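The data below hold one chain only, encoded as structure tokens and taken in the form predicted on its own.
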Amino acid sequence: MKALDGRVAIVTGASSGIGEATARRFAHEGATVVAIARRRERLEHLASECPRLTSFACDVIDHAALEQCVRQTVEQHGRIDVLVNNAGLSYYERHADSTLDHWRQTMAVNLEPYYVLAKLVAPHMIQQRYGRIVNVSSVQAIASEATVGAYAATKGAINAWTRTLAVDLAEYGILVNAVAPGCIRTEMSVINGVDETTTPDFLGWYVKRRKIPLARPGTADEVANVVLFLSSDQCAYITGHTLVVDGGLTITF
């Protein structure tokens, strides 16, 4: 018996990183997966490798497309059991150099689609008296850097909203949790063409001096394993929680 046998899941930001790893893991564990991302070719390649996965190419800021995706999923599969809100972006800039346009874009991508998709799937989960919603947050909501103000603001909002939504939906058997990854080696760890998890500063501070106690960056698969648990029936008495996946980063000082 696989962890998600018979379940139907929607995963955003599924063309790379944590989203892709989660979509692959869900499909491996028996779920029917609807993978959302902008990059059509990558999604189609993913679908070709995972027979249980269907691609839906769109930008998450296109709310009408998200509504179409949810409608099609219910029409084709009859239910939605799991929603993983994962898509996101970040601008790396100090506050004095930041712009309102960048702030609004960050909110539009990192926050609004989470709300919109949860709003769309909740009625179906309420009707079936079952559901799992997992929101991908970040340790930047807990211990921030100077150059990610808008990004950190969205992640803090996600954590707070996750708690509220968990209380709101608990009576219907719907569990809502968040995952807060730390330094994970993905496309988002590449800044100005350099993977920040490979730089001398990172290796010296986070690895050699063990600012990350486990002395290495994490992988997308390691985060996907946690998302899988929170999305499965094995998670039955946890809701409104933000589970940190950071190798111990946020417990050091």
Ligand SMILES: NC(=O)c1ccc[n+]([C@@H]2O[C@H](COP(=O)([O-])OP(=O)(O)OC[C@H]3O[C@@H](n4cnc5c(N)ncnc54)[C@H](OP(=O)(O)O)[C@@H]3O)[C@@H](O)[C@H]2O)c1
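On a predicted model such as this, the values are computed, not experimentally measured, just so you know. In case it trips you up, residue 1 is the first one in the sequence shown, and so on.
What follows is about the form predicted in complex with the named molecule, which we do not show.
Stretch 149 to 157 is the answer when you ask which of 126 to 134, 149 to 157, 96 to 104, 166 to 174 has residues with heavy atoms within 4.5 Å of the named molecule in the predicted bound form. With a 4.5 Å cutoff on heavy atoms, residue 239 does not count as touching the named molecule in the predicted bound form; it lies far away. Using a 4.5 angstroms limit between non-hydrogen atoms, residue 216 is distant from the named molecule in the predicted bound form. Taking non-hydrogen atoms only, residue 212 never approaches the named molecule to within 4.5 angstroms in the predicted bound form. Taking the partner from the other structure, the named molecule in the predicted bound form has a heavy atom within 4.5 Å of a heavy atom of residue 188. Three-residue candidate spot 27, 50 and 121; no residue lies within 4.5 angstroms of the named molecule in the predicted bound form by any non-hydrogen atom. Taking a 4.5 Å heavy atom cutoff to the named molecule in the predicted bound form, the contact residue among 116, 109, 74, 142 is 109. In sequence order, 86, 87, 88 are the residues of 80 to 99 having a heavy atom within 4.5 Å of the named molecule in the predicted bound form; the partner itself is omitted from this view.
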